[in-house]
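Have a look below at one chain only, the form predicted on its own, in C-alpha cells format.
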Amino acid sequence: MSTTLILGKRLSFKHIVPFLSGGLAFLVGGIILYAAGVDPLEAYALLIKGSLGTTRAIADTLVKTISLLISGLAVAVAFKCRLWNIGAEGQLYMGALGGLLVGIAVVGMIPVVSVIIVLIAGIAFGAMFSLVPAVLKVKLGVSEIIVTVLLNFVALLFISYLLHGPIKAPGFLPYSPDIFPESELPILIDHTRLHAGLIIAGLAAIFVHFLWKSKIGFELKSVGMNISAARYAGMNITKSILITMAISGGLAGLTGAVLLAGVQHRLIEGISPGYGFIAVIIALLGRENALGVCLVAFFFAVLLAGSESMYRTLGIPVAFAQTLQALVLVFVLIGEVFTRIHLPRRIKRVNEAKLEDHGKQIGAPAERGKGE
C-alpha cells in the first residue's frame, strides 16, 4: 500500500470525523433517553418534525441558524488567527445595544437607511468592545481568554442595569422601548418569523470565505501561525491582532443587531439564549472554515428547534439539545486525537516497512554478485 494511499485515507477519515461524531452523539443520546423511559426513535422523530417538518418549522430553524452562523463566524475568525475570543456573547449584547440606540432615535424612522445604520451600529459596538482585550493583549500581554470571558459578565450586567433604569420602557418588566418599524428587518416568508437576516448571514459567510483569500487575510493568518516569522517578514503584529479582534467582535455585534432588528424588536435581558457561547463549539466543529461553520450552525439550529418540540410533546428538557451538542464536541475531540496520533504512527510503520523492502531489493543483487 503506497504512502499516498495512506495519506488519502487519513484525509478522508479526518473529513468524516464530524459525521461519525454526530452519529455517535445521537446513539449515546438515545441510550440516555431510553434509560429515562423515553422511546429514542419517537423522540428523534419529533426532533426532525419539529425542526424540518413544516414550512413554519423550517423557518424557525433558519431563524436560529442566522444567529448561530454569524456568531460562529465571529469566533472562527479569531480562532483562525490563533486568538481565543470567548467573549462573543458580550459582544453580541453590545451590538444589540448599538442597534437599539439607533432604532429608537430619529434616524430609526428613515425607511431602508435606518436598517443599514442599525446593522452598522451593531458592528461598531461589537468591534469596539472586542478591542478592549485586544489592546490589553498587545500593550500589556494580558491573555485574551481571561479578558473576553470576564467581559461577558460586564456586558450582561451593564445591559441589565440599563434595562432596569436609563432605557427601561414603561411597565414592570425590564425591557427597552420597541425600535421603529422602519428599523426592523423585513420578513422573507409571510406568516413566519424568517427575516432578511438570512441574507445578511449568507453575506457574512461569503465575506469570511474570501477574507482568507485576500492579502490582509493571509497576513492575519500568518501572524497567528507564527508571530516570530511574521515579525521577521515585516508584518505589523499589533495591527494584525487589532484587526482580527475588530472583525471578530464586529461579526458578534452584527449578530446582536440582527437579533434586535429581525426577531425581538426591543432589547431584553435574554435576547440571546447563549448563542455567543455555542458559537465557540460551532467554530471548533466547523474547523474555522466558513462552509463548515454554515453546516454546523444549521445542525445545531435543528437540535435547538427540535428540542422545543420534544419538550412540548414528551416533556424532554430543552437542555437535551445542549447535551447532544456537548456529546458531538467530545466525540470530535476523540476523533481528532485518533487522527493525529494513531494514523501518523501507522503511516510511519508502513513507510519504514517499504524502505526496508526497498533496501533488501537493492542489496540482493550485490550479495549474489559477491557470492559468485
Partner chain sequence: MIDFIIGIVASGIRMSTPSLFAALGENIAERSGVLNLGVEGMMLIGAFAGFIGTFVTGNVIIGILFAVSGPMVMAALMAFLSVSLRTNQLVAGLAIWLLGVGLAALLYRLTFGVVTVAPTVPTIPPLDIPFLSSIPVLGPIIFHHDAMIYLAFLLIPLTHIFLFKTNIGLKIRTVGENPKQADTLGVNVNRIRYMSVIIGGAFAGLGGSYIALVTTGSFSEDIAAGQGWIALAAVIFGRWRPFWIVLGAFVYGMVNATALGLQTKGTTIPFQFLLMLPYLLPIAILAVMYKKSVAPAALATPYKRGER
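Keep in mind the model is a prediction, meaning the values are calculated, not measured. Residue numbers count along the first chain shown, from 1.
Keep in mind that the form predicted together with the partner chain is not shown, yet the notes after this line are about it.
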Stretch in contact, per heavy atom within 4.5 angstroms of the partner chain in the predicted bound form, of 194-202, 135-143, 180-188, 243-251: 135-143
Any of the heavy atoms of Ser160 lying within 4.5 Å of the partner chain in the predicted bound form? yes
Within 4.5 Å, heavy atoms only: does His209 come near the partner chain in the predicted bound form? no
Using a 4.5 Å heavy atom cut-off, state whether Thr323 contacts the partner chain in the predicted bound form. yes
Does the partner chain get within 4.5 angstroms of any non-hydrogen atom of Ile116 in the predicted bound form? no
Contact test, all of Phe79, Ile86 and Leu333, partner the partner chain in the predicted bound form, heavy atom 4.5 Å: yes
Counting non-hydrogen atoms within 4.5 angstroms of the partner chain in the predicted bound form, say which of Ile104, Met128, Val280, Cys294 makes the cut. Val280
Which residue among Leu327, Leu46, Ala57, Val63 has a heavy atom within 4.5 angstroms of the partner chain in the predicted bound form? Leu327
Across 194-230, which residues bring a heavy atom to within 4.5 Å of the partner chain in the predicted bound form? none
